[in-house]
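Only one chain is given next, in structure tokens, and it is the form predicted on its own.
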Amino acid sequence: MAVRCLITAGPTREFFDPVRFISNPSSGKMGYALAAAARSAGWTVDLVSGPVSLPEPAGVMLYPVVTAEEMSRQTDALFGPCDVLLMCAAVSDWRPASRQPSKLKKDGRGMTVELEPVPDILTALSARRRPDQVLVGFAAETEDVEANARAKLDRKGVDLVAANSVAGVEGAFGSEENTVTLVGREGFRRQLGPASKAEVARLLVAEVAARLAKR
């Protein structure tokens, strides 16, 4: 069975002037490990990546983006023909309501920046999914990891949510290892890891492949 997989990875950056932005510590390592695992499984892989310092995975079509809006447009363009969506990117939840055209100068005073929500990429894609597609959301949490993952499962309308902790020094951001709690419908739960991100990615791709085979 030929499988086309769309993966998002890394952070997004939301600018309030040409040189300053809001972002997060995502390294992109989990998303890139998923891309490599999916390619090893024989899938065709489209990888939409925010700014990272990682080599391009072999055999993968890479689409670099920076902002959430750019990621939204690129995933929207690639989503139709895909069989699997792995939404692993750490997309910024908010962006500055306005962007200054030139660098803001420090004047010794504080500054207030008004924020607005960014487009919800996963919810928008889920709303136009085909019944035979498998959609996997990711949840980076600091507390109540599984409970928050299950809430996201219902809210986003996806098949699975892969949740991990990013709290403290043991968190997944930037690490070579990960522990993922995979939750699904009807109480499905499976823990992947603790293991290398490459091994967690292999296990997750295998789980998705098994679900695809039943459709």
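Please read these numbers as outputs of a predicted model, since none were measured by experiment. Residue numbers here begin at 1 and follow the sequence given.
Omitted from view is the form predicted together with a small molecule, to which the following refers.
Q: Could you tell me which of 52-60, 35-43, 182-190, 150-158 sits within 4.5 Å of the small molecule in the model of the complex, going by non-hydrogen atoms?
A: Every other range fails; the passing one is 150-158.
Q: Could you confirm whether L78 comes within 4.5 Å of the small molecule in the model of the complex, counting heavy atoms only?
A: L78 lies outside the contact set for the small molecule.
Q: Is D83 one of the residues lying within 4.5 Å of the small molecule in the model of the complex, judged by heavy atom distances?
A: No, D83 is distant from the partner.
Q: Taking the shortest heavy atom distance, is L135 within 4.5 Å of the small molecule in the model of the complex?
A: No, L135 is distant from the partner.
Q: If we define contact as a non-hydrogen atom of the residue within 4.5 angstroms of the partner, is V145 a contact of the small molecule in the model of the complex?
A: Judged by the heavy-atom cut-off of 4.5 Å, V145 is well away from the small molecule in the model of the complex.
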